[in-house]
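Alright, two takes on the same chain below, each alone as structure tokens: structure 1 and structure 2.
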Structure 1
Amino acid sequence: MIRRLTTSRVETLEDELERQVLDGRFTPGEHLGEIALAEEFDVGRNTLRAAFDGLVRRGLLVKSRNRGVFVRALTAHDLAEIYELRTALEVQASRILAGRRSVPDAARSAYAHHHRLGPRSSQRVVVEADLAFHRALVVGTGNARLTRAHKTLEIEILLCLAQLVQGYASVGQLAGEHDALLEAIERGDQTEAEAVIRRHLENATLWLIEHATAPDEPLYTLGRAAPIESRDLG
């Protein structure tokens, strides 16, 4: 029973730290002090370290030898790799769905929700609504391995967007691109569906890389503070 309670506490703390990282409380490359955070969350340092380890495994934090734990600062190279894999997965999902002329109900619901958001919607709400639409398309293929690969990548996609999305595109622009993708799928046009999703994600990739603060090396390896801030998605 004690072990189960400890595990639950670690998971709860891990979830809360994840939320705070993605909400922008901590800047990319920021050092996370054990003493201060253990006191803030009223947990032992072993519990905090276990939560840190979980977020390191998921790609939100990194450990630097003899220096501690830092918020992961994505480099231009990281962004390129993440979005190359994302594009490959979502192109395949779009082609599968277009081949069936099948738009998943969950994708329609996610599209409608995203379309209702406005300029005052928070960064987290907009980012998660956008990703929910893309996730629904992948899950809708029924391909368990494709879905698993996309789910594994999601935390890094969220980190990309949480750190760098300010000024990328309005909710209306994104919803319009989603609409074009759904139309291509409904027509059964695999070539057009692939073209739309490639354009959608490759434009995002270019924008993110251009705005990456750490083009070559992550900030925590350079021993300097991260200058960028998390802001709202337009």
Structure 2
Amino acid sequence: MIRRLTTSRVETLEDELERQVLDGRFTPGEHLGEIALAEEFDVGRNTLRAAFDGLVRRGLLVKSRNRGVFVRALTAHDLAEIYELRTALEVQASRILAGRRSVPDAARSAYAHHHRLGPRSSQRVVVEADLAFHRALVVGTGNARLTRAHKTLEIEILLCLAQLVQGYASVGQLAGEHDALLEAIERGDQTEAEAVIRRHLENATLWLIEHATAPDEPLYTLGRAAPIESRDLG
């Protein structure tokens, strides 16, 4: 794989903004002004706008013509949508892997790492370990498009966790289900693998929605209201 030696200003900015949004620097629905931010990051307005575009397409921001971009405010409904799509992707990945009877090495080590975590680990670490396991399954298929779609979802999941859910399922519960999945894949049992991952994600959905703090409607901030519709998710 060929890698570029330099990264463009836009990409750097995009990553930095993503980090700040996921870290909760901005409140959900907050308006991001071009001029102030371009000045803060010391980039041109063009560059900032390009970075905005990227984050809009990744679902972290929403854009409203002539009003600017806003931090996406997610709802329990979004959570449900995200997990439906996630289920679609991971079911397919599990079936593909089971069809080959091959558990990716990365998935095995991600499983071990996750399983090793104790109850004292921070939520951040647990979440990342859990996601890493699931990611490894998808990446293991070798399908770049499947992987890209999953990556987009991961980011949205992190945004959900930042905005409307605190806490996370216990390591023990998750690891048990992960184990069952790996076992089914190893046996080449596609039907069972699908059933296991489906149940696993359904459990996760129920848990998350139950622990979601926000109602079904987004929380608007004072001042400018977040837009109703964005072009790419409408």
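Take the two forms, superpose them, and find the largest set of C-alpha atoms that agree within 1.5 Å; that set is the rigid core. All residue numbers here refer to structure 1's sequence, counted from 1. Remember, it's a predicted structure, so these values are computed and weren't measured experimentally.
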property	result
Structure, 1 versus 2, that is the form predicted alone	1
Core fit, then R72 C-alpha moves 2 Å or more between structures 1 and 2	yes
Angstrom shift of the Cα atom of L48 between structures 1 and 2 (superposition on rigid core)	10.1
Cα displacement of G59 between structures 1 and 2, core-superposed (Å)	4.0
